[in-house]
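The form predicted alone is given below as one chain in structure tokens.
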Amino acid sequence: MIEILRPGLCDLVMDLGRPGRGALGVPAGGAADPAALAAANCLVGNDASAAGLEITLSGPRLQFPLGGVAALTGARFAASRSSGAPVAWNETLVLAAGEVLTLDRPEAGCRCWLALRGGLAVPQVMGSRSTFLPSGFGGHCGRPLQAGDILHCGTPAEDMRLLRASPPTGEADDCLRVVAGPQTGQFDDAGLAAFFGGAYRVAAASDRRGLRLTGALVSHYQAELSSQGVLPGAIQVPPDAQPIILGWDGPVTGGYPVIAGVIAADVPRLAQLKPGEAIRFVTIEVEAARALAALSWEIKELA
């Protein structure tokens, strides 16, 4: 059980999402970095699919009236506990009855994930407990958490152990690795040179639906294009020639040409991009992208 004493900027109940609902116009959604949430769940003895909190840019102050077991993964936030004990990332945290956990701003990155032993016991909607903000359903009342909200936990899946997690290594610097999109041939030489040779910044008008970019214009042939299925990480170029990277709550179909797709291993990095950050794109072979997608978190017992 946790009580929200002070909400963060956007604290959302999330699990691994609701895949398979695209025919209804509902994206899979779920945690922006599902592997990070799954690792946090493992650290507290939950099933990987248990619901936790996704915290963005500014964190909440949470009280644990009965105590609890928690874990934090993702971007490290400035954090403190009322007991004075350290707040470790990627480790099992045992919280005393009445203890308050405060998360402020990230030291780097944008989002973190908080798992609680037993998982957050909110109702399932279409087979998932994830919040879907565009339609206002799922999670806790279909909205970000507010002061005074109380969330209860369910039953843990495994026995209690003290664990530490290590994320996969081998990430690029400010480059996002991409493979060619289905409409790459609709872009002229100038457009391709602009996209792959220039730098872009994440626009302020970015959210879980997509990251809007500002930078070099990506020109393309204005051929008529039928709607097609799209996934998070697809990079569309609308008529204003400024790319948009589709996000986790983005549309399931789109009518703009897709110049490239962010590889699966780098889609979680999208979750850590803040407005104003600079990014570049670099191509990678499909087989290499598949190998990177196979990398996973490592879980060990605490010494």
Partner chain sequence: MGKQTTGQPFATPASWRWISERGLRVATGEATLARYKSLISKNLRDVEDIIPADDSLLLVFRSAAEVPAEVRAALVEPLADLYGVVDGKRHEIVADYGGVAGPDLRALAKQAGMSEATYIEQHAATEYTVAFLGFQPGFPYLRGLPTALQTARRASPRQRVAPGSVAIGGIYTGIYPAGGPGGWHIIGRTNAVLFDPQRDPPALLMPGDRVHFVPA
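Positions refer to the first chain, counted from 1. Every value quoted in this text rests on a predicted model; they were computed, and no experiment measured them.
One more form of this protein, predicted in complex with its partner chain, exists but is not displayed; see below.
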Is there a heavy atom of residue 228 lying 4.5 Å or less from a heavy atom of its partner chain in the model of the complex? yes
4.5 Å heavy atom contact, residue 289 and its partner chain in the model of the complex: yes
I'd like to know whether residue 206 contacts its partner chain in the model of the complex, with contact meaning heavy atoms within 4.5 angstroms. no
Using 4.5 Å between non-hydrogen atoms, is residue 21 touching its partner chain in the model of the complex? yes
Taking its partner chain in the model of the complex as the reference, which of 48, 252, 57, 241 has a non-hydrogen atom within 4.5 Å? 252
Of these, 142, 182, 168, 215, which has a heavy atom no more than 4.5 Å from its partner chain in the model of the complex? 182
Tell me which of 259-267, 273-281, 35-43, 60-68 has residues with heavy atoms within 4.5 angstroms of its partner chain in the model of the complex? 259-267
Going by heavy atoms, what in 118-145 lies within 4.5 angstroms of its partner chain in the model of the complex? 125, 126, 132, 134, 135, 137
